[in-house]
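Taking the form predicted alone, here's one chain by itself in structure tokens.
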């Protein structure tokens, strides 16, 4: 009886020891997030719909370039979309807290973000530009902003960060801005510009050109500066299967010419979207 008891105890210990790794050895890994999304038949996505023409609200609905790209992806997946319109400040923290599955809003692919989040391949490439009130003789060049008050988004907005570095160079030459005012959204920037609270506005060129189309005869593009930057969406770093599934659809849209059509529709020009080389060193891959 004692031998039987000891044998039973040893078997129990062995089973408990083997259980943590046996399912992995047997290939019974837990399904990834994309598989779960497909099984559930729906996905929850976060957007800040205040960045015309990438994403904005029109007649109570989210529309724009990113929205059209997202809708095409969701249609290909054959599932339901639950899209949340949230303030930008809460989007990335909300992703980390697993309040939604991924973020589909225009995000600059910069080193800091790329180390924390898994970026998709780019959906756009843009430059940073300077917009003024049409005919304002005081704003003549992006290379001399002396005495001007410039409006921008709040960090970590990509165009704002790029402009701050650019302004440091101008200040060393005695050509930096008088002051920089930051706003919560691009509509707030353009309202401040039209009300003469600021002399010019810094943002990505598609957004500035979009404002010119939306308010014809009101604004004028002064010029662009800095190197172009890539814009993409993000998933959590442990959901690379979902990131890769998004990439597969973006690539199909690009190769079919649909992505270029949407770029022409919303920006007035097309962009070359690469398969590689867009992620900075140290990025999650």
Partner chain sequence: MKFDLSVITSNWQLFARGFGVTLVYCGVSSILGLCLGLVVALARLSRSVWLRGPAVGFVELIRDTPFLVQVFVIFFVVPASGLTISATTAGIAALTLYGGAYFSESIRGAILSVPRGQTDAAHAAGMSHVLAMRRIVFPQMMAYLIPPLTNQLIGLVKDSSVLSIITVPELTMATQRVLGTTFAPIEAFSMAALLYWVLTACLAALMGRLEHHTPTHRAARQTTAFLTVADR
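Please read all numbers here as calculations on a predicted model, not as lab measurements. Positions refer to the first chain, counted from 1.
The next section is about a form of this same protein that is not shown, the form predicted in complex with its partner chain.
**Q** Within 4.5 Å, heavy atoms only, one stretch in 168-176, 137-145, 71-79, 89-97 touches its partner chain in the predicted bound form. Which?
**A** Among the candidates, contact is made by 89-97.
**Q** Wondering, does residue 119 line up within 4.5 Å of its partner chain in the predicted bound form on heavy atoms?
**A** Output for residue 119 is no: heavy atoms all beyond 4.5 Å of its partner chain.
**Q** Check residue 199 for me: does it contact its partner chain in the predicted bound form (non-hydrogen atoms, 4.5 angstroms)?
**A** Flag for residue 199 set to no.
**Q** Would you classify residue 101 as touching its partner chain in the predicted bound form, given a 4.5 Å non-hydrogen atom cut-off?
**A** So residue 101 does not count as contacting its partner chain.
**Q** Within 190-222, which residues have a heavy atom closer than or equal to 4.5 Å from its partner chain in the predicted bound form?
**A** Stretch hits, in order: 191, 192, 195, 196, 197.
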